[in-house]
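Below you will find one chain, with nothing else, as structure tokens; this is the form predicted on its own, and questions on how it binds or moves follow later.
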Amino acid sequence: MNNLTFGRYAPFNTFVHKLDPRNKLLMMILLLVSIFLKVDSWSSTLILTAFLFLLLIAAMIMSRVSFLQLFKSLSMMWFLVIFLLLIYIFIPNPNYNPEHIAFYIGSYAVNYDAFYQSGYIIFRLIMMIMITMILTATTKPMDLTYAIEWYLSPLKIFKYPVAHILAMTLSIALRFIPTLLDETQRIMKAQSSRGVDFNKGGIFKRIGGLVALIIPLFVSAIGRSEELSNAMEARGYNPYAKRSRYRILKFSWRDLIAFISILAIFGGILTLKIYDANFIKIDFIYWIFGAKPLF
């Protein structure tokens, strides 16, 4: 459970931390869309993906996000990697190049394209995790609530008073992710001290161990939610009342520079996608492997 790092804010005084949360949320959406835009040729797609990956690495270094936490988060994706690889290998795809044969399993030919497609999907998921980590590590949950509420504020024109409610719900959910992870660790240690083994034994024994973990976790989560609701009610919280803020969000020159940069990157990738511009066309399979079966 310690491998999950979403929702953990890291208080640093970096350029990314100082950006307006509304701007960071919009830039995150633009980057996520850019990740899923691809051109037809593999070579151009790989170059664009590598460029975005290097950009995210630079953003993580700039915002001082721990790469160790990223590696711990990725360690949980091994099952997904194997699952996707098996799907792309054993489900026939007419779009695969018949000349790109990697090896044979009996009489069944395994194509290089299967490894490319599964690797490309995993790589995009990794970049999504990186973007999410940058956002949650550099933005306070309450600031993120204000940003979401600001984007939902046009709904007030239609007399739809749910902007603040939705924003507060999302904020509470993000806020309690690290709390529940810490609670899970505490319960696991307590149950392990009582002889419960979560890593060994048959399937029924492991299910019993999960039950011993999930039930106390649910009880604790419900208790914490009740305490939170009582505290908000005791303080007179009214989601429909007109609210004021201690901190007023303002755009600065940093936000302008960051937004123009991300918008230029998004616009460039979108232009290449629309006009189907393959600026480099290299058959990497032939270039690296010569498209000859490995064995």
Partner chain sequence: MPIKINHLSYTYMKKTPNEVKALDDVSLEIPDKKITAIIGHTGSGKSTLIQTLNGLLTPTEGTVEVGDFVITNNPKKNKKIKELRKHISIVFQFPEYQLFDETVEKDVAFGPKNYGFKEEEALKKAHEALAKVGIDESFYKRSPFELSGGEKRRVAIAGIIAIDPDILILDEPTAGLDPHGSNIILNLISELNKSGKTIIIVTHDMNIVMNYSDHVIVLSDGKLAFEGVSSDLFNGDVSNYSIEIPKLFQFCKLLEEKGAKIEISKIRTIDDLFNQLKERK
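Positions refer to the first chain, counted from 1. The structure displayed is predicted, hence computed values, not measured ones. Under this definition, the rigid core comprises the largest set of C-alpha atoms superposing within 1.5 Å between the forms.
The following text describes the form predicted in complex with the partner chain, which does not appear among the structures shown.
> Just one stretch in 104-112, 188-196, 148-156, 126-134 has heavy atoms within 4.5 Å of the partner chain in the model of the complex, so which one is it?
Replying inline: Flagged stretch: 188-196.
>> Can you confirm whether Phe90, Leu263 and Gly268, the three residues that make up this candidate site, all sit within 4.5 Å of the partner chain in the model of the complex, judged by heavy atoms?
In response: So, no: the whole triplet misses the partner chain.
> Closest heavy atom of Ala212 to the partner chain in the model of the complex, within 4.5 Å or not?
Replying inline: Ala212 belongs to the contact set for the partner chain.
>> Is Pro178 part of the interface with the partner chain in the model of the complex - any heavy atom within 4.5 Å?
In response: No, Pro178 stays farther than 4.5 Å from the partner chain in the model of the complex.
>> Taking the partner chain as it sits in the model of the complex, is Pro216 in contact with it (heavy atom to heavy atom, 4.5 Å or less)?
In response: Heavy-atom contact with the partner chain at 4.5 Å: present for Pro216.
>> Test of understanding: in the model of the complex, would Phe12 fall inside 4.5 Å of the partner chain by heavy atoms?
In response: Yes, Phe12 is a contact residue.
>> If I superpose the two forms on their rigid core, does the C-alpha of Ile222 end up displaced by 2 Å or more between this form and the one not shown?
In response: Yes.
> Would the C-alpha of Thr184 be classed as shifted by 2 Å or more between this form and the one not shown after rigid-core alignment?
Replying inline: It does, since the Thr184 C-alpha is displaced 2 Å or more between this form and the one not shown after the core fit.
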